[in-house]
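Here we start with a single chain on its own, the form predicted alone, put down as structure tokens.
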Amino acid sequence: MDADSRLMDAKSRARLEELKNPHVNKIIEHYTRLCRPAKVTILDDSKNSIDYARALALKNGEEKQLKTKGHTIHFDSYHDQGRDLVNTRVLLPKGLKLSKAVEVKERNEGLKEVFGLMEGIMEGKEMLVKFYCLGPENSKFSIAALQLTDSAYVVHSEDILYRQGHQEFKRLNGSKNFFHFVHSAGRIENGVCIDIDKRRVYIDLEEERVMTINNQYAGNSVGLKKLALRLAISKAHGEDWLCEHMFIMGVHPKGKDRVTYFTGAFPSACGKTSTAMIPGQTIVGDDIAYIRPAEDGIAKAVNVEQGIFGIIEDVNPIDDALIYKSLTTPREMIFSNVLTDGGIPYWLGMGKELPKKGINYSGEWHLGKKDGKDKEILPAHKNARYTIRISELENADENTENPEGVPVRGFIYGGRDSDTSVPVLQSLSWAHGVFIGAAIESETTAAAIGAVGVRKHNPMSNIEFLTVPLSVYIENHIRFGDDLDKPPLIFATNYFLKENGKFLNEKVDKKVWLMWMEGRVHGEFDAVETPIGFIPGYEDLKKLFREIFSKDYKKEDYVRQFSIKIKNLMEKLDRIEAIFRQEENIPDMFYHHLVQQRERLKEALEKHGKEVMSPLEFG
């Protein structure tokens, strides 16, 4: 470590030596030589280290203080406002394949390119080295993670989002069983990246590492988030557990002394965080879950993270009271890419009038400002975010740090679908539920760079993160449930059904769908069997709307929301089949359920002669 030790102070050297891990030393030495920082600072779990990164983010101008105590604002480049799907690649040796939907690059070629771009990328900057734990500390679920970056904002974000891991690395006893992530924002002007053409996010499964450069948006730069998800999916499917793009929540039915845990997978901006934050319920995590079979034949899950990196658009005091309260009261929190005026943050859909001028992700902003393509710049970005610890929330579940995980009784798959899917349904079986999850379609949003409103196929809301073939992913899901004595029930939701351009549901209605699902887990509600699965009966929903909202749920609303749109559903099956036929070795069980669902829809159409059937006709 001679080359690195000259760049470290005594505290840094001592923190590194405590680990007694030659693999960590080798990684730091390699990237120090490659990136050539002016200084290397090793941070541990102490308050001094956490305070150092927070203060450095302010000193470097990566964050600025806001009026409310503990709140800061971070801006990303105008061209770096979502996950960079175009420049993100999984590095594969020649001859290996993934799903056609996953962007890959030949490994040796990719390493040569990215190492060339990283040559001297940290010159004149400080490399921060930090240790984290993905999952609760000292748990069989968890994975140690090493982060190298020249961005104090990245470290500050990870200090909020993840558990500290210096002690976890000590427990490794010199093992190389950890992930590592290397990030550089590259050249900076006026606080933002300028080498946009050299932006790269390369995932190397063989070495369980990620190299990500010339970016700032946390979805690209914060290695432990969606980049670690890709590494963990590969690891999980080699070890017979599941790593999923899922929230974990505790559901507490009114008047009943129990908590029922659900996980849920929703594409970005499709109601994932708002579901996990439904009033009266508790949250374990909002984004990524590790799920393992337990000795008693059930599934248990932990939250990989300890914080939330949530989409802030439309968070308002009416629809999202818990989140809104947390965002507007003192606590440590980072806002990103919102509008600020006088040290106060403003975002789209917050329920109040926004200022006509201020500072946003484009710099000095005023109403009517346009970009270089004559496109009007919104006051805040549609993918603007907030970063906050779950422990800061009133509804944090008591088991958020339980190293044994929580028992999962239900999986929920959600999407954004304006014209086809019913608001909630239950699968006919575990394997049928896997088929439903694998067949998710969702209309795209601003959470990823690209066109908005395009219908995209997104199996288990996880397609862009898959690092195993889709066939393996689906087969392992089927086997995972089959091997459990009591597999979770599988449900699907859609909060975005429209008629004549207007939503058929209120945003808060999701609480009713959730309580119906919770009741189904405990056998308390009947259900109506339809060609696509079990849906709620009208009387049960009427009772739930009365109990939860003191609201009269009209039968005509039930019919409009839960009608089975046979023509649209058949067209969806055709689209899904065409996509899967392009994949190799998809399990026969998947096609069995696709064919069976198509036959059930055909039978209903032939029997009733209607392309849209009322749910009352299936009673």
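Each residue number is its position in the shown sequence, starting from 1. All values reported here derive from a predicted model rather than from experimental measurement.
What comes next is about the form predicted together with a small molecule, which does not appear here.
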Contact residue in the predicted complex, from 178, 534, 202, 217 (heavy atom within 4.5 Å of the small molecule): 217
The listed residue (83, 382, 71, 511) that reaches within 4.5 Å of the small molecule in the predicted complex by any heavy atom is 83
Please name which of the stretches 330-338, 477-485, 88-96, 218-226 has residues with heavy atoms lying within 4.5 Å of the small molecule in the predicted complex. 218-226
The small molecule contact at residue 268 in the predicted complex, heavy atom, 4.5 Å: yes
With a 4.5 Å heavy atom cut-off, would you call residue 287 a contact of the small molecule in the predicted complex? yes
Would you please decide whether residue 237 lies within 4.5 angstroms of the small molecule in the predicted complex, comparing each non-hydrogen atom pair? no
Is there a heavy atom of residue 169 lying 4.5 Å or less from a heavy atom of the small molecule in the predicted complex? no
